[in-house]
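Just the one chain here, the form predicted on its own, laid out as C-alpha cells.
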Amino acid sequence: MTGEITPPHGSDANIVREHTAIVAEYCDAINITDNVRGIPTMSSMVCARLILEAGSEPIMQMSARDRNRILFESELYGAHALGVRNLMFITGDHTLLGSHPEAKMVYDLDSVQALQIAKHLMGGTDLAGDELEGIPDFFIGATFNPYADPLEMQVWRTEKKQSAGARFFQTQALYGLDRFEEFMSELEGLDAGILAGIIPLKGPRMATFMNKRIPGIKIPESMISRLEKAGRGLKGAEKREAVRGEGLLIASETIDAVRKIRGVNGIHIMSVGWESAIPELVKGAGLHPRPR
C-alpha cells in the first residue's frame, strides 16, 4: 500500500509534515511528486528528506523533463546521502499542460535511460567510468500507462523499463478496467511488483478536466454521470460532501475490482491534494500496511 502527497507550491515544510502525518499510518511508503504538469513545487528530494524525518518511507519521483544526465547523477548522489532509498523515474508531462508553458524542457534522457543511470551508478562508477566516492544503492521503479496506444508498444516499453532496472511499477490512474486486464495479460512474464494507481474523484469537473488535459486518463461517462447525480437537490457543503462521497465510493469499487486481477501486487493512491481520502480508502478496503 503506497500513497502520494502533493508538495507545497512554496517553501512551507510544515505542509509536507502535515500531509505525511495524515497518511503515514496507512501507507508502507509515500510518493512525493516532482513538478507535475510543469507546475513548480518544492523539490522532491527535500520533501523526501522531510518524510524520512517524520518517520515514514519516501519514494522520490524524478522527472526527465527538467534534468540532463549531469543533474541526474548529482541528485542521485545527494538523495542517497540524505537517506533516500526508493526512486521512481518518469519522463514528465509537457510544460504546455502547466503554469509555465514557455519553459524550455530538457529531455536529455527518457525514463528508461534514467533507470539505466541509477543502475549504472550502483555499480560504483559514473557515466564517464570514474570511480565514485561512495556508492549509492536504490530500490528503483517506474510507471506504465495501460490506456496509451498502441497497447503493444506500451507493453514493450514496460518490459524495457524492467530490463533497465525497474523493480516496481505504479500505473496511471485506473477507472474502466477492461483495457488494464488486457494489458496485464500481456505482462505475465514481468518480474517486478505492480501497484495499481487510484485517483479519487472530487467531482464531475475534475473528471472532465482529467479526461481532456491529463494524458492517458480515460474516465467513463458513466462515472462522471454518477458524480453529477450525487449532488442534485443539495447546496454548499452538503453538495460537496455528497459528491466527494460518491468519488470515494467509485474509488473503493475500483480498488475491490483491481485487487482481483492477476499480477497486481498492491495499490497506489494518488491524493491530488486530497490527502484525507487515503485513510478513508485504505480503511474501507480493509487494506493495512505491514508493521514498521
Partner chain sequence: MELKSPEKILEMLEGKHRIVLFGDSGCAQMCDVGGILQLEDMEDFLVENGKEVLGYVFVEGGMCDVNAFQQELDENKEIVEQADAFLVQACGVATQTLTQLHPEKESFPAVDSNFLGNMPERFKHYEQCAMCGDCILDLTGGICPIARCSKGILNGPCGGSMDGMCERDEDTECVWQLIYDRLKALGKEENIKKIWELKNWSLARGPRKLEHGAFFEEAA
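What you see is a predicted model, and the numbers here were worked out from it, not measured in a lab. Positions refer to the first chain, counted from 1.
Omitted from view is the form predicted in complex with its partner chain, to which the following refers.
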**Study point:** Residue (of I194, V112, A118, M184) lying close to its partner chain in the predicted bound form, criterion heavy atoms within 4.5 Å
**Key:** V112
Review point. Among L82, M122, L190, L127, which has at least one heavy atom within 4.5 Å of its partner chain in the predicted bound form?
Key: L127
Point to revise | Three-residue site N35, S43 and R67 fully in contact with its partner chain in the predicted bound form at 4.5 Å by heavy atom | key: no
Review point. Is M105 close enough to its partner chain in the predicted bound form to count, meaning some heavy atom within 4.5 Å?
Key: yes
Review point. Any chance I217 has a heavy atom within 4.5 Å of its partner chain in the predicted bound form?
Key: yes
Review point. Does its partner chain come within 4.5 Å of any heavy atom of S163 in the predicted bound form?
Key: yes
Practice item. Check whether P150 has any heavy atom within 4.5 Å of a heavy atom of its partner chain in the predicted bound form, and answer yes or no. Key: yes
Review point. Out of the stretches listed (74 to 82, 201 to 209, 130 to 138, 151 to 159), which one is close to its partner chain in the predicted bound form, meaning heavy atoms within 4.5 Å?
Key: 151 to 159
**Study point:** Contacts with its partner chain in the predicted bound form - residues in 11 to 45 whose heavy atoms fall within 4.5 Å
**Key:** none
